[in-house]
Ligand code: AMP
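Just one chain is shown here, as structure tokens, and it is the form predicted alone.
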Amino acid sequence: MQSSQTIEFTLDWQHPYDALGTAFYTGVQPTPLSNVHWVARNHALAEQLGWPVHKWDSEKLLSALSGNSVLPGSQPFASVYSGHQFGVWAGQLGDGRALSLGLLDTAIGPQEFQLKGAGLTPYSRMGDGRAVLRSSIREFLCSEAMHGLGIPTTRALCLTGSPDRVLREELETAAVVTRVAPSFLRFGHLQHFAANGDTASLQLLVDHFIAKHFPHLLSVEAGPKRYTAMLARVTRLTAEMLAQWQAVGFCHGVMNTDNMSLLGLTIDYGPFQFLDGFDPAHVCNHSDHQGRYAYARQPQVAYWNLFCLGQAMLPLIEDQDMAVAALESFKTDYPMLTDQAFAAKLGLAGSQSGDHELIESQLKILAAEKTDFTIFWRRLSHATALLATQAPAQAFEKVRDLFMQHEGWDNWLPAYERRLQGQDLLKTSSQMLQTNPKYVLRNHLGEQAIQQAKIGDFSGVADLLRVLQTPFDEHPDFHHLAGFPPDWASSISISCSS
């Protein structure tokens, strides 16, 4: 029953692409589900948006965010795009199971709201337009985990479920995630119009994107110079995102060009994984038989995807050398940003010659034994504080214990100690603890929450959401969520249906 305290939800919806015309999207109504219910609600994001918590009591909102009704003023639509999948041109794709409700002005700026799993669209191809509870829990939690880590990402406002059956590898129950982002435009949106030779529509979309999301570029001379500046900006944002992915051991799993955001946001959480043991060759997506999207290959794939974007924008930039120059900035920006990210994880103040070699040698030691990535960095953060009052052997004892073979660690440690000399070690440790998370969304944690949810217990989802939103905090009541993965974790299979 609706609470008597509930205030009617009134929202001023805008259509983000209405001025562009229907070549860019198709209006489509969501397909209702039966007996919908809340699975999880992100109160923190709701408050950031300026939505009072008590409005969650609204049955009207539950219905609308499950795709069972449409809020007044909203004009749901699906957008068309194309792209490369696993390095092969796939042609026209589009929002096959995502419906945008529209754009709202919020306390954190204009945000587009999108339902994932709300039914068929004109771009569903052979799909059913649905999402299942399993994959929806993973996306809901990982969106907020990445935000908690400070990594650019689409957000997840809520998750609803239904007993309606959906066929994947087996019959599963349906779910709908409400995603939020300033824009869901992808590399593939531009590729679509470029591939069709529709330069007029391509220019219209790019001009719209610049005006809405990169307004500072309006001061650049209109035409090729402005479009080149946009390409350079997207390249930089992508480099920043990739450096942050690598620093936390995040594997996306399916870095197709249609899964790359023009705003440098992590988007489309499917077969993702946070590394347990550090294995640069790890392939998290069991559908990726060639290992194209292995952890260590992600930066190169991003660079390749950017070149696909540059090719799509070439009709506007007109000069291949200008486009290449904008893209080549990735080759200098990404290594610099990655070194900065890992230097922060090591607590290195300033920048000194030899830092890159210190970082690389440590990563080789971790890779040699596939040392637990998250636990290593967290223990190192605590140990650095102990170094202020203890001898190195005692201070770093728990870190050393992570290695079966001690020689590599023992040889590396003296160089690290020397590099820290002169620093306030307590301050350094504090900064490291705000850089190296205690909690990440490991596969086995997600799987445990999913199994609970399948029998109607959503407490595991709520607990994970709580710690993942503030992953650098200790959360002593949830210490068990920060332990080593169980042996069975390595047998979890994730694919494009995940």
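Numbers for residues come from their place in the sequence shown, where the first is 1. Computed from a prediction, not measured in an experiment: that's the story for all the values here.
In what follows, reference is made to the form predicted in complex with adenosine monophosphate (AMP), a form of this protein that is not presented.
Only one of 190-198, 68-76, 121-129, 356-364 lies within 4.5 Å of adenosine monophosphate (AMP) in the model of the complex by heavy atoms, and it is 121-129. Adenosine monophosphate (AMP) in the model of the complex comes within 4.5 Å of no heavy atom belonging to Q311. Adenosine monophosphate (AMP) is not drawn, but in the model of the complex it has no heavy atom within 4.5 Å of D333. Mapping the unseen interface onto this chain, Q85 counts among the residues with a heavy atom inside 4.5 Å of adenosine monophosphate (AMP) in the model of the complex. Interface residue remark: A323 is not counted as part of the site for adenosine monophosphate (AMP) in the model of the complex, having no heavy atom within 4.5 Å. This chain is drawn without adenosine monophosphate (AMP); in the model of the complex, the residue among L202, L425, L93, C284 with a heavy atom within 4.5 Å of it is L93. When you look in the model of the complex, the only residue of E172, D372, D268, D288 with a non-hydrogen atom within 4.5 Å of adenosine monophosphate (AMP) is D268. Heavy atoms closer than or equal to 4.5 Å to adenosine monophosphate (AMP) in the model of the complex belong, across 256-271, to the residues D258, N259, D268, ordered by sequence position.
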